[in-house]
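First comes one chain, alone, set out as structure tokens in the form predicted on its own.
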Amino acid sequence: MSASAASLSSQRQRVLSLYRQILRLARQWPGRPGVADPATEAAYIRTEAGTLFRQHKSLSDPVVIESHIAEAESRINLALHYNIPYPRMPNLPPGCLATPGQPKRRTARGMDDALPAYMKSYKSGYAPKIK
């Protein structure tokens, strides 16, 4: 087995382990008392994980796979820390929003540049369905 094949096999095991960890998280999701229904948030976690994992199943570049693994781990940590399964929107840097008379692509570029690591999957146009 070549070094790259071994690397991909190792990453595959990490990705599958990460997916199982996310499904366990959904099964044990405590929810936010009085704010949201835990079953709804758990369903969101399962749906979001399935959608994003299927969307990226054909990736073969180890660097890109590693960045998506880091993104998933970051989202898990944020969800556990804030007890919110939905992605946290980034704060935009000053001056990135277009003002009247400026091109709108400036806003799009500024928002792309401000996108944190845990939301890179949304750069491809997929947006989560938050209820």
Partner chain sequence: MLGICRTKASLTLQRLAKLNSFRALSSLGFTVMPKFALPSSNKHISTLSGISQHAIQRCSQWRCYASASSAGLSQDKITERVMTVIKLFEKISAEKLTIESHFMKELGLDSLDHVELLMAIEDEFGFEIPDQDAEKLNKPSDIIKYLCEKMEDRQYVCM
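This structure is a prediction, so every number in the text was calculated from the model and none was measured. Numbering follows the first chain given and starts at 1.
One more form of this protein exists, namely the form predicted together with the partner chain; it is left out here, but the text below deals with it.
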Open item on the list: Which is the contacting stretch out of 59 to 67, 24 to 32, 78 to 86, 37 to 45, given heavy atoms within 4.5 Å of the partner chain in the predicted bound form?
Closed with: 24 to 32
Task: Close approach of residue 10 to the partner chain in the predicted bound form, 4.5 Å, heavy atom - done: no
Task: Sequence-ordered residues of 39 to 61 touching the partner chain in the predicted bound form, heavy atom within 4.5 Å - done: 53, 54, 57
